[in-house]
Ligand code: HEC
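Next comes just one chain, in structure tokens: the form predicted alone.
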């Protein structure tokens, strides 16, 4: 009996995490407005105060050509996957001490989920998948 309860609990936890992690790209686009002062995304994106964010997930940190990264970011050894980016966007200075990114972070998990869903739509060329 205990085992069945544990299995049911674990399945519920996995399902609720999957649903939570899905995010809403349209809501994420609205939240991304806070990021647009420094970052661009899409087919016409260019580096600005921060690097363009096309194809972020799966890309090594500090690797966008033509952008001057902080040594902390460039030498972090990070490859942006969802869990790593989620940690970073919540507290950039805590995840990569010395990063040039001064953004205080997104505190709400829902906002993080939505921004991740928005960013994941764009491939390395800025085209929506």
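The structure presented is a predicted model; accordingly, all values stated were derived computationally and were not measured. Residue numbers count along the first chain shown, from 1.
We do not show the form predicted together with the ligand, though everything after this point is about it.
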query	finding
Residue 49, heavy atom within 4.5 angstroms of the ligand in the predicted bound form	yes
Contact flag, residue 30 vs the ligand in the predicted bound form, heavy atom cut 4.5 Å	no
Interface membership of residue 55, the ligand in the predicted bound form, 4.5 Å heavy atom rule	no
Any non-hydrogen atom of residue 106 within 4.5 angstroms of the ligand in the predicted bound form	yes
Residues in 23-52 close to the ligand in the predicted bound form, defined by a heavy atom within 4.5 Å, in order	34, 35, 38, 39, 49, 50, 51
